[in-house]
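Okay, so here's just one chain, in structure tokens, the form predicted on its own.
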Amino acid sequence: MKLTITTAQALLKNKNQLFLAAILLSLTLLTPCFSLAQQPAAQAQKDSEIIAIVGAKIVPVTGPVIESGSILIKNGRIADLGPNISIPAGAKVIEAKGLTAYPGMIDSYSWLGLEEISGVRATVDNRETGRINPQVKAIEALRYDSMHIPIARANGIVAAVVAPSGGLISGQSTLVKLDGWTNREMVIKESLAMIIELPAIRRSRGGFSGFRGQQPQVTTEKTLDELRQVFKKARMYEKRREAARKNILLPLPEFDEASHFLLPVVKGELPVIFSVHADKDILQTIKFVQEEKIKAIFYGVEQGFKVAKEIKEAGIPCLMGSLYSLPPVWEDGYDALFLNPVILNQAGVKIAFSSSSASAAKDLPYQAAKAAAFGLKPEEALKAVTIYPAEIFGVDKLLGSLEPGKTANIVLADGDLLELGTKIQKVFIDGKEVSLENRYTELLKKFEQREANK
């Protein structure tokens, strides 16, 4: 028995020693981890590197042009800009003499990341089955690795509204920056606006091409009546929920997904982008918006020029559809789409241009240029791809112009940003210079190499 106790004591002693050794070993192994944990701090220090763009012509958009000046970037924001700002010691200096600095452009309606090849169904993910889909979010389907994103970015577009389509209530659009390793990393504003699509223009003599278009089976009037019922149901759903919260004897209503996701709309918290086109339909939609007391933005508005005064009085901003299309009605004239933004702007309506595309998103500046060629003031055309979309979507404190405190989304170009021959030299998103490499530059290098090897 004595031998057994002694043996046990020895074993216990050894066990304690082993336990202490294990603790020391663990501390030793954790030491590199502590070192790794300090690396994000070092990375943060690198991210906070001060960058000075010097000698550039600066076009702030919201202020007078600075013929030669500097922009100071710190922590991803514009710290200062002007003709005579002091450059801190140790700042990374980028010489930009001969270049013009613009705020990065914003595509106000696109399918970037949702559509890769329109003719290949497996690469198109901008539509959901069903007619009422307020729960759908564009961000969930966005492909951060879409080849169209770096192509658009290389032409000076730094942010885009990505919108779902199809049905009556298509879902929620998202505002993204055109840089990021994941779709979530790209988000600027996840739930930007609800998308509602109203019927297309009813053609009287046919389209501009001379072919008679198919008449829509449902009129805008009937569609708006349907929307009224959907919104009424959402409001009743909320009233029943509120009543149940106040009175424990009342049961909560059964969860209604559509009504639940429409609550921010009917409460006036989330704006609605109405895809509306004909002049009569625009007037009906203005009345609907005022009766329902919701925040509205119009998209498309091909015949907006006919009711520009009414749109202005309603205070509803307009997103122009693609100017690459032909006028849907022959009688409006070949130049109707080009004159439309000019007339709306002159009436005092806030406008913004869009690519209405994924593959043609790179052409956003040329949408504005087309309108400028038909009478839109060049400074207004530039604002319609920078500060105006930022104001329309409520992000103008962050984006849309070159001002101290705003996100450093900067484009350095060798000429007018809206000119076809202008080359983009550098693009900064969140204060970081991003790569301009894309599918086009890849092909260019490939064929240059081919020629060199001949």
Partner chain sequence: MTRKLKKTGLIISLSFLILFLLSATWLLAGGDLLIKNATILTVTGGVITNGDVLVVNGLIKQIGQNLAAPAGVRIIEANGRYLMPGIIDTHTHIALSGTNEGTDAVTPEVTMAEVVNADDTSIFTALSGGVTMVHTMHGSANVIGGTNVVLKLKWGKPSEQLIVKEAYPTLKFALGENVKQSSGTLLPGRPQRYPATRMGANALIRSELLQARDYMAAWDRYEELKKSKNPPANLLPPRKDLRLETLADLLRGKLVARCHGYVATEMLEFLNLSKEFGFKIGAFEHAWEAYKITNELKAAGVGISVFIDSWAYKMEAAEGIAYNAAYCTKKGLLVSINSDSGERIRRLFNEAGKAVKYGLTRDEALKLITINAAKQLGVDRLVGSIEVGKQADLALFSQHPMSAYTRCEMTIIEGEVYFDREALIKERAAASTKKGDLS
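Quantities reported herein were computed from a predicted structural model and do not represent experimental measurements. Numbering follows the first chain given and starts at 1.
The same protein also has a form predicted together with the partner chain, omitted here; what follows describes it.
Undergrad: Check 63, 142 and 184: does every one of them have a heavy atom within 4.5 Å of the partner chain in the model of the complex?
TA: No, none of 63, 142 and 184 comes within 4.5 Å of the partner chain in the model of the complex.
Undergrad: Just to confirm, residue 51 within 4.5 Å of the partner chain in the model of the complex by heavy atoms?
TA: Close contact is absent here: in the model of the complex, residue 51 is far from the partner chain, nothing within 4.5 Å, heavy atoms only.
Undergrad: Can you tell me if residue 243 lies within 4.5 angstroms of the partner chain in the model of the complex, counting non-hydrogen atoms only?
TA: Contact with the partner chain, no.
Undergrad: Is residue 256 one of the residues lying within 4.5 Å of the partner chain in the model of the complex, judged by heavy atom distances?
TA: The answer is no: residue 256 has no heavy atom within 4.5 Å of the partner chain.
Undergrad: Would you please decide whether residue 155 lies within 4.5 angstroms of the partner chain in the model of the complex, comparing each non-hydrogen atom pair?
TA: Looking in the model of the complex, residue contacts with the partner chain include residue 155, since a heavy atom lies within 4.5 Å.
Undergrad: Counting any heavy atom within 4.5 Å as contact, can you tell me which stretch out of 88 to 96, 219 to 227, 112 to 120, 193 to 201 lines the partner chain in the model of the complex?
TA: Selected range: 112 to 120.
Undergrad: Though the partner chain is not shown, can you say which of 59, 56, 392, 424 has a heavy atom within 4.5 Å of it in the model of the complex?
TA: Comparing distances to the partner chain in the model of the complex, the residue within 4.5 Å is 424.
Undergrad: Counting non-hydrogen atoms within 4.5 angstroms of the partner chain in the model of the complex, say which of 265, 369, 101, 72 makes the cut.
TA: Of the listed residues, the single hit is 369.
Undergrad: Any residue of 265 to 298 with a heavy atom within 4.5 Å of the partner chain in the model of the complex counts; write them all down in order.
TA: Residues within 4.5 Å: none.
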